[in-house]
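Only one chain comes next, encoded as structure tokens, the form predicted alone.
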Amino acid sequence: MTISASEIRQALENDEFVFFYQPKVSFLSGRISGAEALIRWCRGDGDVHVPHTFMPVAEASGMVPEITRHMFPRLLEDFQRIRGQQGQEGLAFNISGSDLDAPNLVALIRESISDGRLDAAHLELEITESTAVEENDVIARSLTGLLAAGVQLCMDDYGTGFSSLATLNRLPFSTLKMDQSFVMRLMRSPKSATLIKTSIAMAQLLGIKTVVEGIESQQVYEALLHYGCTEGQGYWISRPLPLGEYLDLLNSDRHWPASPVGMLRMAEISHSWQFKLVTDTVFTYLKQGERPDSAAELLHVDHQACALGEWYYGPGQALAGGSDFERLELPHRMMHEVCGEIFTAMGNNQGTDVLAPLLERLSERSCQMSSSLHRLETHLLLSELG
């Protein structure tokens, strides 16, 4: 069936476009943590069209910004109903390069934030990689304006061919959304599994959460459960739902499988990486005789502020009371105390005779931490089997 631009315009006038909502589930809690708003065209004859049947025509006709302007108030209305029912529920909303190229999207979002209709912290804008890497001054200004307004940015379709580490460095994305093409090959391709795991680990080290889409079986969901990704989305969890059905699903308080192991593994990676960065900084200082630059000082933060500390005093508290978990705190705190001594020594231009014993102490504490983390992980896995 061929769809024309005039039909799309008529549908806008007839208010035939609506949002369906596809839930995202937290791998840590097993509960719905948010949803992605997906546009649908509900025609008068009862047919429901998905975006790939009409959005290419809208894009070619330059109508996408007009559709976005028309639908954004509907999104705000739905957002209020969802939050009124569930409190802190967040929504993700897809925008295109042509939306960002138009001057009024940022103004529209800023206005809704300023008049209280939208809490920026609970809106996430999904942008495809290809849009994010474009060398376009207008798009860059729009993204900067959205970030200044407090809106969260998600790089959608991550890994589909336009990935740019420079873009991740340039724009503070809060989320990476792994393309479903990797997930579809997960169970039959070790390479796809490795790419997913390493991408999740990279995101963790950058302080970015990860969403994996395209989960269409329980087998895939449970395989991802221990990878360390933050959220999952796909037809096995739920198809996109009309607003009323989505609200019913929220009220059902349904649970999916959950595990703390993935987040624990990410904490392990952060711990190991930070230890190696500090060691490399000291080695470079001793080798070159130069004090570390100001960026290196960021390696030494309060024990509650590092990635491992944020996990331990945050989501990790769900494990509080267990002996393996409680054994983590002391060596972790002592590691940070040694780090403080190391950076003080470098600031005072001390040499190998002072720093070598400190590195030995740091290594001992790190080994204690690693041993405790591995023991905790093993016990958690065994308890899941039980």
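Predicted model only: the values in this text are computed from it and were never measured. Numbers for residues come from their place in the sequence shown, where the first is 1.
The following text describes the form predicted in complex with a small molecule, which does not appear among the structures shown.
Participant: Is the gap between Tyr235 and the small molecule in the predicted bound form 4.5 Å or less for some heavy atom pair?
Facilitator: The answer is yes: Tyr235 has a heavy atom within 4.5 Å of the small molecule.
Participant: Is there any non-hydrogen atom of Ile95 lying within 4.5 Å of the small molecule in the predicted bound form?
Facilitator: Output for Ile95 is yes: heavy atoms within 4.5 Å of the small molecule.
Participant: Since only the chain is shown here, I'm wondering whether Asp101 would be in contact with the small molecule in the predicted bound form (any heavy atom pair within 4.5 Å).
Facilitator: Asp101: no contact with the small molecule in the predicted bound form.
Participant: Looking at the partner-bound form in the predicted bound form, is Gly90 within 4.5 Å of the small molecule by any heavy atom?
Facilitator: No, Gly90 sits far enough from the small molecule in the predicted bound form that none of its heavy atoms falls within 4.5 Å.
Participant: Among Asp78, Glu213, Glu268, Glu124, which has at least one heavy atom within 4.5 Å of the small molecule in the predicted bound form?
Facilitator: It is Glu213.
Participant: Using a 4.5 Å cut on heavy atoms, which of Leu358, Ala58, Leu328, Ile39 is close to the small molecule in the predicted bound form?
Facilitator: The residue in contact is Ile39.
Participant: To test your reading of this chain, name the stretch in 306-314, 178-186, 108-116, 145-153 whose heavy atoms come within 4.5 Å of the small molecule in the predicted bound form.
Facilitator: Only one stretch passes the 4.5 Å heavy-atom test: 178-186.
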